[in-house]
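Below, in structure tokens: the form predicted alone, a single chain.
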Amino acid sequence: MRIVVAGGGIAGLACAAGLARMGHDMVVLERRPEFGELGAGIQIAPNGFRALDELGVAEAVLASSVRVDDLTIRDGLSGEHLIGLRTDADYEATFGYPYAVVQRSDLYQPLLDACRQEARIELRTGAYAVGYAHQLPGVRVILQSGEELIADALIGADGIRSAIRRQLVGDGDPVVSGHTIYRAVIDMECVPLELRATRVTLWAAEDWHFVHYPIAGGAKLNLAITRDDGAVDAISGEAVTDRVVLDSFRHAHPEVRQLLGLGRNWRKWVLCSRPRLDDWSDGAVVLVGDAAHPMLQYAAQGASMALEDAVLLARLMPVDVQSVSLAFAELSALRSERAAKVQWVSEEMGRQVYHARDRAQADRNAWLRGFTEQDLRAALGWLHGATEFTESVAERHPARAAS
């Protein structure tokens, strides 16, 4: 079939790569003048690497990633170590794949390379899909330029401000979360030796948390500090001075302050979200990734959820246009509950763990101290160890496959 993907980000490229491997002809529409990915670090759990393996790019992503030794949470004021999870060989054996961190471009580029190497994929820049119209069979994809593309199916992978979602769901603009995040990336050679570690460290305090970890093969350190400050205006990548960041967290632990002081060229974003959806499909149109289930970053699962969508979509996609609507409805039915759970967990982690207020901070610390390593692995099994998105139609519906 001929399938159009609106959006050339991680979700869109993953869908194109997966569907092309299944024999479909793909057109990926990117509204910017060129394909590329902005942003700093991404954490990829085993479920994300399982999806990347299915797409044929896990090895390339791992080559530039940093396999961390552990995930650690510390008190942002006292510095106390509250909880830790080793991501060692036993962890990998439990979940099947490693836990690693990458620079965002080091995840994006292998997906882009895979698409460029696939003759079935056409990559178009300066092409913005603003809507669609059903026709039997298939769909007409309407571009901002006035051009219309005829396709058998349309995948809306155009992010949290998705034009395809706007038409399909009609829920307006994203909701401002009230959380502001400041991001910077620094050269590791600028970091004192005693502060260098191959781990993901999260400092939790009242109304804020700070995360840092190595990226770019260990050559850089990713810094991201978030405050629950009640921000009401959506901001994306606005430059801020070093002084603004330091003044905003003047009561943080000295080690936090030291790392923040190393940051340069800080930028800030005000995070947005959307209500959870039960249905992502409309006939021959379906949403994936942030267009379907945008989530706050507190569970570090946004990219992995998009990759899972792409893998399952490729497995469910039929070879005849008459069955597209059924496949898209099935994708929505199979994925919506899991995605909604991850969205909810992300929100609750921000509210109850990372940004606990007043007396809840002491309760949080006591609760975290009570977890053993075995407890943590058991609690993460449904998330890091997921395999259901790799099941084929034959595995899900033996009778249908036989017929």
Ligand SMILES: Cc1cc2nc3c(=O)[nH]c(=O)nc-3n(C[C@H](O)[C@H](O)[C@H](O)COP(=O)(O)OP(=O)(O)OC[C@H]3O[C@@H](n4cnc5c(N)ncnc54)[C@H](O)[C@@H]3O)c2cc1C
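These numbers were taken from a predicted model, which means no experiment stands behind them. The first residue of the shown sequence is 1; numbering continues from there.
Only in words, not in the display: the form predicted in complex with this ligand, which the text now covers.
Asks: Answer yes if any heavy atom of Ile225 is within 4.5 Å of a heavy atom of this ligand in the predicted complex; otherwise answer no.
Replies: Residue-level check for Ile225: no, no contact with this ligand.
Asks: Report yes if any heavy atom of Leu287 sits within 4.5 Å of a heavy atom of this ligand in the predicted complex; otherwise report no.
Replies: It does not: once this ligand is placed as it appears in the predicted complex, Leu287 has no heavy atom within 4.5 Å of it.
Asks: Mark Gly302 yes when one of its heavy atoms lies within 4.5 Å of a heavy atom of this ligand in the predicted complex, and no otherwise.
Replies: Contact with this ligand, yes.
Asks: Report whether the minimum heavy atom distance between Ala129 and this ligand in the predicted complex is within 4.5 Å.
Replies: Flag for Ala129 set to yes.
Asks: This ligand isn't shown here, but in the predicted complex which of Ala151, Val324, Ile215, Leu271 has a heavy atom within 4.5 Å of it?
Replies: None of the other options qualify; the answer is Leu271.
Asks: Heavy atom within 4.5 Å of this ligand in the predicted complex: which of Ile83, Ala114, Leu168, Ile181?
Replies: That would be Ile181.
Asks: Please identify, from 40 to 48, 352 to 360, 369 to 377, 62 to 70, the stretch that has a heavy atom within 4.5 Å of this ligand in the predicted complex.
Replies: Only one stretch qualifies here: 40 to 48.
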